[in-house]
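Consider the single chain below, provided in structure tokens and representing the form predicted alone.
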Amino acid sequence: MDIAIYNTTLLTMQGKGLGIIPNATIGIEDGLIICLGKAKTVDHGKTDQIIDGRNHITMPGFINSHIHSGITLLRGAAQDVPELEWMNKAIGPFIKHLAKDDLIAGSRLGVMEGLSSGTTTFAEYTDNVRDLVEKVYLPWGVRVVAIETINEVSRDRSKLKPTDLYTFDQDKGIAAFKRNKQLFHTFTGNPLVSVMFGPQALDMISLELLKEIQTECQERMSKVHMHIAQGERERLQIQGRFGKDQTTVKVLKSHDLLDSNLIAAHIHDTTPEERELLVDHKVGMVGCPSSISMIDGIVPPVGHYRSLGGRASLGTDQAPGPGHHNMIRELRTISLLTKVMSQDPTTIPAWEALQLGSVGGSKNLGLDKKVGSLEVGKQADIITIDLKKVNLTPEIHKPFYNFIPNLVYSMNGNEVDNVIINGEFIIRDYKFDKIDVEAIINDVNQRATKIFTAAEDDWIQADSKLVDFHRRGYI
């Protein structure tokens, strides 16, 4: 074997419950899991690298099902404002000052943060996503689902009122669609890269182009990943384009655009009946609880969607609002907020949150034959979690495993000491193998300082609530 982790507690995420196997060993060779089970049944004698897994949980890496990592450089730029201001007035003045290299630098920061807290797969959603795949993900050996943002909207929207309809640029949308299709040719056969289509939202793309994307998706047996019913701003745009009684879900249904290939991000501006309709059409959903609670003041309806039998997973979205790309925080956030919203402390228990962040993500993204659970023959995307930390102590195995709730409600992410992707160490004993953390942080700080300075006048003119908070000395 190339790598063996022995005397550990496995959370396999398959079989009964979480598939917990105490006193276990797992073996990796040529990027694959080749054996796992009780330690006494697995011979790890001839192994290149051996990890002592005592007082550790060994489990599949977390799967971030929806991330815009490039704008991590704008962390702290847009929060605590009304939802209608967030896109155009709060974050918009800064985004237009981001150059291509700034987006790559921001992505390095965001992916590095995700890796350090145990994420091994990122569903990256952005313009020119190929740049990030080739300059961030592949050089570091990180698994990525590449999703090209396709929209037809003019880039400068800072002066638009919420009810002003976006002007569409057909050539822009077609160019993005072509880039998305090219990704399939570019990365065919790459074990670390999967591709799906990314029409941004129904208010940002014509129905004609959306139908073309659906047809192409079906021919390629891929998926469409789309922001759907993500708040009042989108609702006003849909009503302006399609009629006052229309919603995103109604329009998609009337044009036969709901199917099992669709992954719907957010859907917090849907009715219970619309969620039932989405589940009936086998649409998957991604909830981004930290982002949506920060930007919209709403809890993503992950609990309700799951109760209807729908498939769901979690993502971090973007850093400027919620402030992070730490999936551990998302597990805790969705569990706690759903309990409060439903006034039911039994909703999304710890074990369900762990499933949402791992095997739930692999099933939603169509990667469950490769990753998301620990099984012989699957690709070795594995993390170990050190339980000998103050916040995870005590560690109890009888009469039940207390570390299951502790992983969700007490863990911060810095307890992850080993990260393995495709059988290769990314983090070994808390240290990155290929990433110069200090150099990335220094670079990002320099870039962010220039961007925030260059955007100052635009930010002031946009006049979001944050400008007033600044004048009053709060930020």
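From 1 onward, residues are counted along the sequence shown. Computed from a predicted model, the values in this text were never measured in an experiment.
Another form exists, predicted in complex with another copy of the chain; not displayed. Remarks below refer to it.
Visitor: The chain here is shown without another copy of the chain. Which stretch in 336-344, 137-145, 373-381, 309-317 comes within 4.5 angstroms of it in the predicted complex, by heavy atom distance?
Guide: Only one stretch qualifies here: 336-344.
Visitor: Quick one: G17, W459 and H470 and another copy of the chain in the predicted complex, is every residue within 4.5 Å by at least one heavy atom?
Guide: Affirmative, all three are within 4.5 Å.
Visitor: Using a 4.5 angstroms cut-off on non-hydrogen atoms, would R275 count as touching another copy of the chain in the predicted complex?
Guide: Heavy-atom contact with another copy of the chain at 4.5 Å: absent for R275.
Visitor: Test of understanding: in the predicted complex, would I420 fall inside 4.5 Å of another copy of the chain by heavy atoms?
Guide: Judged by the heavy-atom cut-off of 4.5 Å, I420 is well away from another copy of the chain in the predicted complex.
Visitor: Is Q79 one of the residues lying within 4.5 Å of another copy of the chain in the predicted complex, judged by heavy atom distances?
Guide: Yes.
Visitor: Using a 4.5 Å heavy atom cut-off, state whether M59 contacts another copy of the chain in the predicted complex.
Guide: Contact with another copy of the chain, no.
Visitor: Please identify the residue among D48, D30, D52, E438 with any heavy atom within 4.5 Å of another copy of the chain in the predicted complex.
Guide: Checking each option against another copy of the chain in the predicted complex, the one that comes within 4.5 Å is E438.
Visitor: By the heavy atom within 4.5 Å rule, which residue out of G240, G323, P162, P191 makes contact with another copy of the chain in the predicted complex?
Guide: Exactly one listed residue reaches within 4.5 Å, namely G323.
Visitor: Across 441-469, which residues bring a heavy atom to within 4.5 Å of another copy of the chain in the predicted complex?
Guide: Sequence-ordered list: I441, N442, V444, N445, A448, T449, F452, T453, E456, W459, K465, F469.
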